[in-house]
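In the form predicted on its own, a lone chain appears below as structure tokens.
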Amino acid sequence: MVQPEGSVKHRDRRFVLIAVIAGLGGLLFGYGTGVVAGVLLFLAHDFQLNGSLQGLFVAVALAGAALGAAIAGMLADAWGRRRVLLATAALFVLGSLLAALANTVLLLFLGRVLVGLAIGLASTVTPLYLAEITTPARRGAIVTINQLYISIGIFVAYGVNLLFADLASGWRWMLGLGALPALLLFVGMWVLPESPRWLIKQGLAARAEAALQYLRSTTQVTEELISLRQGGAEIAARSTSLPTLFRNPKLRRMMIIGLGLAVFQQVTGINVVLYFAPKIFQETGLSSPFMAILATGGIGLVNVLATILAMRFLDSLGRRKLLLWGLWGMLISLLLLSAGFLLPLQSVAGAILIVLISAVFVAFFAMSIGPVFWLLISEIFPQAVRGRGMSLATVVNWLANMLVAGVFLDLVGAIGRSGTFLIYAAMTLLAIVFTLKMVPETKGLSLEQIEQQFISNPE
């Protein structure tokens, strides 16, 4: 039976709205990490935090994020994706308000720990939920809504930092405003369905059918429900566990790809550019802090626009091709940055050159390994352990983030900016080799077909 065109369009619009609401978890991720640069400018004065305590303020959120990511998969597999996203939103609201209203260092840090936990949960469960509710034909674009929201969150954080930079206790507004998107996510998730795949796994076939009817046109539900039931029966028969993914040669490749991409997304230097851009730009000729932050905002805007472009092509060109093109662009950009830092560029013109090359680097990242990492880890793990597999990959990603950011200034001090970015270029070359050897194409395949592909072709 052919559905009336208006009915299908109505359901398509409703599904996009569902993805937009669920993707707000990515906005929490981006805003929570991006706002800290502006907040740090105030804390040295208002709380008399020395350099070590400022570093600890950043580190507690990253540690909280790693912990949140570590438990996210277990919670999502036990409680369901929707309930964990509801809890994530509530936790982010609580942490944001606690930090914003803090009158002691202890409360300030406690608030950031809670925000970090929420960021870790969101970074795992948001792409997981989006991958499981969408169809193969548009899964790339829908899951990349998460990465788009992350980039928008970072950009909005830069704007909020500028807006309140001259206001006494502006840091309270910077931290507190993070509660707004969290409230929207909390309200929105009340009306969204649970993942049909998770419901099938729990033996709740009637609820899974109702969720599919909400997400799809009527003609799609019966066929997809049969496919999900068959997949659920195979999952139960295999009883896959997380350790099995390491031991079983047919499944080990999934873990190698997930963990490898988690590391390469960070060791290629993206968060060094995003976290330390104002400092880098100041040292290369933009002496005004305002101009340095404004240039960083421009980098954030490029990140957003390039992610939108990636959404357009992930489902047509494919994940592997876009990943390779982007990595080659990143490699060339990093080599140019390394060469640029060797030149006497202590001028506005020199700084603008570094800004432009940095923008190109960020654009290639945002069109490739930025969204493709989150997309692939939501696709490649078997249903039985998808939540826990994504958790492990996300924890590794956060730990690599902490390592790269933590040693950046020491590396610059030891071998200079040029040598440091040359290391990132070498890591990008390794990422290209890794992708050519290990990463398959998954566009157009259902999650069950991808799982079967790995089992049938382990090498």
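Just count from 1 along the sequence shown to find any residue number. For clarity, every value in this text was computed on a predicted model and none was experimentally measured.
Omitted here: the form predicted in complex with a small molecule. The next part is about that form.
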{"query": "Touches the small molecule in the model of the complex: residue 133 (any heavy atom, 4.5 Å)", "finding": "no"}
{"query": "The small molecule contact at residue 358 in the model of the complex, heavy atom, 4.5 Å", "finding": "no"}
{"query": "The small molecule contact at residue 150 in the model of the complex, heavy atom, 4.5 Å", "finding": "yes"}
{"query": "Non-hydrogen atom contact residue 424 with the small molecule in the model of the complex at 4.5 angstroms", "finding": "no"}
{"query": "The small molecule: the contacting residue among 271, 213, 227, 338 in the model of the complex [heavy atom, 4.5 Å]", "finding": "271"}
{"query": "In the model of the complex, the residue from 266, 333, 383, 378 that sits within 4.5 Å of the small molecule by heavy atoms", "finding": "266"}
{"query": "Stretch from 319-327, 365-373, 385-393, 84-92 whose residues place a heavy atom within 4.5 Å of the small molecule in the model of the complex", "finding": "365-373"}
{"query": "Triplet 31, 160 and 296 all within 4.5 Å of the small molecule in the model of the complex via a heavy atom", "finding": "no"}
